[in-house]
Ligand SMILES: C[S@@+](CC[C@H](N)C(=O)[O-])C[C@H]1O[C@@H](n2cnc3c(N)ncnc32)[C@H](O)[C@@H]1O
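Below sits a lone chain in structure tokens, taken as the form predicted alone.
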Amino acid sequence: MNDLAPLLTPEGRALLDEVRGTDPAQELAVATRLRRDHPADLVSAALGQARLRQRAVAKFGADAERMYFTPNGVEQSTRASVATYRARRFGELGVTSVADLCCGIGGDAIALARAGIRVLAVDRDPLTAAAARANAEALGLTGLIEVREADVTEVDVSAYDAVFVDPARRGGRGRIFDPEAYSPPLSWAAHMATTAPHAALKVAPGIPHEAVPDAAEAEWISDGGDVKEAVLWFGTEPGLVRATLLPGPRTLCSRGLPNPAVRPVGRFLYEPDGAVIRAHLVAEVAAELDGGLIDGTIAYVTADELRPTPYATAYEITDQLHFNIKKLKALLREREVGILTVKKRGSAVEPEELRKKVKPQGPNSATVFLTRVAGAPTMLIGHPAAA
């Protein structure tokens, strides 16, 4: 059923309530029982929506139980924590109205409305627009969100303080990496950004820095240590690059520092947050830590002192070995390491492959970094540093 309307009827809503939290192992039995009293396609739609809601909890929390989703909507919608942060930024810029183009199922529109911002939410896909409209209603936000089914390239946004564009970055063959292959292309979105006092364009975190328009501020955002997206801001500070870590938020801004010097491995190794790495701000972290790089091509910072920073995770290094699995296996056996965390950067060896070869056993734990030090394949052994 590619239509949400039956699920929005009293019968459909009642069915959604009844199948909430259904265990996948019990789904067939539940479907058989419900089909005695309800149309089979409606039962299937309700169970499908229940599955989508369960998947969406990771992004939307408790709201997911009241919202309506499409499979693509669950995959591509903005995580609520990220959307809330972005809405706050819009509010701090004095924005009171936003044209949300390519709105999807309405994740960003919901966050904007909850920040008191009036939203025009536009999507050309009928089912997606219907989900956005249903979500605005389910969450009591219809007074602030107008959903319009239309081609975003034909919408007049002149009445709005800001434009937010979230182009489709997936095609029939999966993820799209070329910004000009987005739908709509980045060049069109960047042009739209110039038509309003403020704008934000959501792009893939892997966007090349050279593809960022000169007029934009580029921000990479991580949530709980996982990089979620990059955003190009217009009407803020052109050329600024920032990494923002959620929860927090904590933001690190570019200072135009040169690349850090390469130095010997010190007592501590710092693993910068993924947003910091994507934003090319490892030099800013190294300066904060009075540290250097272990290799000119590897984003690990080393230092002799332990300094607290939200922008990197610190590890105390106990051993440095040239890459040699037999020596590593002997060292781990000697120290009775059975809980082994394997991290890699600049190494072709896969963590699971190494784990199988060393067969860790014992009550103790350790972290192994497969990397390069001054160009040489190296294994660094240590553990998370005490706060």
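Quantities reported herein were computed from a predicted structural model and do not represent experimental measurements. Each residue number is its position in the shown sequence, starting from 1.
Not pictured, yet referred to below: the form predicted together with this ligand.
Under a 4.5 angstroms non-hydrogen atom cutoff, this ligand in the model of the complex lacks S81 among its neighbouring residues. D123 belongs to the set of residues with a heavy atom inside 4.5 Å of this ligand in the model of the complex. Remark: T309 does not count among the residues lining this ligand in the model of the complex, judged by a heavy atom distance of 4.5 Å or less.
This ligand is not shown here, but in the model of the complex it comes within 4.5 Å of a heavy atom of P184. With the partner left out here, this ligand still marks one of 145 to 153, 275 to 283, 236 to 244, 206 to 214 in the model of the complex; by a 4.5 Å heavy atom cut-off that stretch is 145 to 153. Interface residue among V301, A199, I105, L112 relative to this ligand in the model of the complex, by the heavy atom within 4.5 Å criterion: I105. Contacts between 66 to 99 and this ligand, taken as any heavy atom within 4.5 Å in the model of the complex, involve Q76, S77, T78.
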